[in-house]
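Shown here is one chain on its own, the form predicted on its own, set out as structure tokens.
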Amino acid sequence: MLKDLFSKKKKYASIPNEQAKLDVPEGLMKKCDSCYKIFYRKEMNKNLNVCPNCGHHHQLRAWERIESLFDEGTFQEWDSGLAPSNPLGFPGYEEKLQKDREKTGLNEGVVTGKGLIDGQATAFAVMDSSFRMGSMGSVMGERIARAIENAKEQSLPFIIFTASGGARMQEGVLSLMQMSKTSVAIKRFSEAGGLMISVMTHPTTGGVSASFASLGDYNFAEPGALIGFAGRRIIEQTTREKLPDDFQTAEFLFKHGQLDQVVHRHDLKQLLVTILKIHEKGGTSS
């Protein structure tokens, strides 16, 4: 009897293969891109898409950002009917635009408008990298320029959240022209005494980082955001130097004086409210 007891075969827990580890039920769960821990999607959404374990900031869609900042029911969208076309007749571009419209529910990679943030009126623009990687085309530039002009005319501060892969190649030089268009709009806005706050999120690169994203009176960024113009490999090949591991991160830019502050997503709203109150007529931060 004792012999039978000790001769029983041991049962070992099966070890899931790598594919099993990577498989996450679609819609129900979300895996962190940094620590790879899995959470209920509802839990992640409630935490503004910040990983509860490691604090990694995942993408926040345009309307999710608006809902996280603005007082309920106060946001009024501008220029929603202004949509991109195919001005240069680039092959396959219209099909890609349509695919992104169906996927995101947007008709361009930026949403603009105005509303109240804790009772403070502000003009607003937020880019969404889910639409054409947030690339800057002629309609995106026009929407942002119009939002800045509206802010000037209505004596509103202007806040922009950037997320972009740079210029939109399918629109060629028309895309590059948006750098100067938006920069001139910001200059006129600034000369009129307007307040602009720029918040760079992951990623903010190319012509966007080289133009309106860096022209705020206050320039902030979320932790870990990739911010830069040319790619890391191109720079290393050109300079023939090894770049630091944290090169082109928000933390690197802050350390070298190119950002005013790196701000956790949970702290952004209160920071924006404080700045808006300071700069309103007779404003105070108390």
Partner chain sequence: MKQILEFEKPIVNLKEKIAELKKFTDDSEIDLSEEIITLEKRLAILEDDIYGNLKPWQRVQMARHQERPTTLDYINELFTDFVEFHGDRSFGDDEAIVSGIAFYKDTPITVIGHQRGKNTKENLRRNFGMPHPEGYRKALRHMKQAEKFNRPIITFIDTKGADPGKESEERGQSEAIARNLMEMAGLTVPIICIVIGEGGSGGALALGVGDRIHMLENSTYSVISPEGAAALLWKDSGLAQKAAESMKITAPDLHELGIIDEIIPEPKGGAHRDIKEQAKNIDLVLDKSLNELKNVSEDVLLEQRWEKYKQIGDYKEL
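Residue numbers count along the first chain shown, from 1. Here the structure is a predicted model, which is why all the values come from computation and not from measurement.
Not pictured, yet referred to below: the form predicted together with its partner chain.
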item	value
4.5 Å heavy atom contact with its partner chain in the predicted bound form for all of Lys46, Ala62 and Ser129	no
Single option in Pro157, Gly113, Pro84, Pro203 placed near its partner chain in the predicted bound form, where near means a heavy atom within 4.5 Å	Pro84
In the predicted bound form, segment of 28 to 36, 236 to 244, 47 to 55, 62 to 70 with a heavy atom within 4.5 Å of its partner chain	236 to 244
Exercise: Ile197 in contact with its partner chain in the predicted bound form, heavy atom 4.5 Å	no
Its partner chain contact in the predicted bound form: His256, any heavy atom under 4.5 Å	yes
4.5 Å heavy atom contact, Ala151 to its partner chain in the predicted bound form	no
4.5 Å heavy atom contact, Ser180 to its partner chain in the predicted bound form	yes
Contacts with its partner chain in the predicted bound form - residues in 180 to 196 whose heavy atoms fall within 4.5 Å	Ser180, Lys181, Ser183, Val184, Ala185, Ile186, Lys187, Arg188
